[in-house]
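For reference, the chain that follows is the form predicted alone, supplied as structure tokens.
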């Protein structure tokens, strides 16, 4: 539980008490390449596994325990991997374990490749969630405090549910200032396969609820969705729900104004209000403001104590040694770029080693938007160690050229042999997290964003199309603009699927639509123009000022889109995925109510005690 301030005393001071319940469904990662492993056992060398995976040292640790082998007799090699999104974080340990045991028993190499149907039926999905908000609001629209109850469906047994729950709970208050708040969080067991890691890791679920609830508060208070957010945004010097003081000079109002201007929000709202009075479609605009913490939560990075290396090679080039993996997001490119910048070499003189536990140190898992910020900072430090060694040995002078560096590196390796510099993570002195009280600096840095969606709903088919999307984010220094833009576009695309298309159908604990013919996801024709914009404040804890970016763009699309659909009709939709049949059913229910079949007070949005629902 997270508790801040005096929650029990706020209710009598409130002009409004606003309640709402919001739910999200499961979602399949649907990476391009299915899960697969190859295992070989040798009595002298031990077990070697090659596979499609995110976290080599997770599998390494699992195989040590399963096969009862010491660390040096377990080798895990990540091969080029076609997508992951969290779906290859913990589950590959299961497949690697099966392959390893069969290889040990048979004495022969073993290959296990899931086909798509097996992959979708067996592997972990995004946790479904239910979030209940009860919020005390002043007459002028300021949040006085509230209670948030966040629950996720863990499935039949726990994999990563506890840490998904943690991140979801910490993000549940959104980018807003809560003088008092109580956040209760729980994961429950159900008769479905275990749910696990998926891009965003709990934050998309709780932030969907927060941003839908902000629109509900706006309606109750009589303010616009813009103004309710503007009045409640966190500002520098204020504290988050875990009492982490915002030290960076973030100006969320400025971000909001820029996004509104780029999207032409005001003029479109006025035009749509007129156009929606007649015709076969309804159009709406929706806003979502949000944040995402980069790196492991709380003391997680301190516990990991990650190590990276940079090697000066015999040919004068440089090699980055990390267990961080590449699965389409650009890890190799950006880490090589960081090392090249630190040393002063052209990019083509730097490479990144294949993640192989016999060759690279444990840099921690490739998750949690930590690779560029945390691992990249260590790469920068290790690369500077290589440079400083050559300078202090007088093989190199300040102001050197790339050719001179390479010559000095060759000389050093010839004289001394292997030339490597190591860097280990050390927690900054001003970052402290209390695991017992669940209070303090949950993340070294947050990324911030405002997304705006424009949608059209067809009144014949009830299908929703996203016509335009503005994605504005502050992610520190953007090290590789093209890759960063790609991350955002991909996240928005997945968010559109999460919102409007992707519904996992469960029956007796089994996924019934575990094929790409009946699990519907958006295609390229379903995607709007996605206008990606960046603000850059920098970040003292990240490589050259970078923050994490991988998960942030998964958090905002769903609430922005559903806020837009709700805006188009003037009614609330508080669950995802929102399918055409759901819209049809709701509109039909409203039609019957308007024809004289009166709804109960609760269905009309007010309970008998007068609390606004």
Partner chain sequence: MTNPREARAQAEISFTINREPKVVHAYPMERLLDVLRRQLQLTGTKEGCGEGECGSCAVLMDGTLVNSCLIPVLQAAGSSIITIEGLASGNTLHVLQQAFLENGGAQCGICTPGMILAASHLLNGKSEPTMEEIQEGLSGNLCRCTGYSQIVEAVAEAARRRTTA
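None of the values given here were measured: they were computed from a predicted structure. Numbering follows the first chain given and starts at 1.
Unshown form predicted together with the partner chain; subsequent notes refer to it.
Considering the partner chain in the predicted bound form, the lone stretch of 29-37, 58-66, 584-592, 567-575 in range is 29-37 [heavy atom distance within 4.5 Å].
Mapping the unseen interface onto this chain, residue 511 falls outside it, with no heavy atom inside 4.5 Å of the partner chain in the predicted bound form. Though the partner is left out of this view, residue 106 does not reach within 4.5 Å of the partner chain in the predicted bound form, counting heavy atoms only. At least one heavy atom of residue 527 is located within 4.5 Å of the partner chain in the predicted bound form. Using a 4.5 angstroms limit between non-hydrogen atoms, residue 89 is distant from the partner chain in the predicted bound form. Out of the listed residues 414, 482, 429, 278, 482 is the one that sits within 4.5 Å of the partner chain in the predicted bound form by at least one heavy atom. A heavy atom within 4.5 Å of the partner chain in the predicted bound form is found for exactly one of 522, 128, 298, 361: 522. Contact residues in stretch 72-94 (any heavy atom within 4.5 Å of the partner chain, taken in the predicted bound form) are 81, 82, 83, 85.
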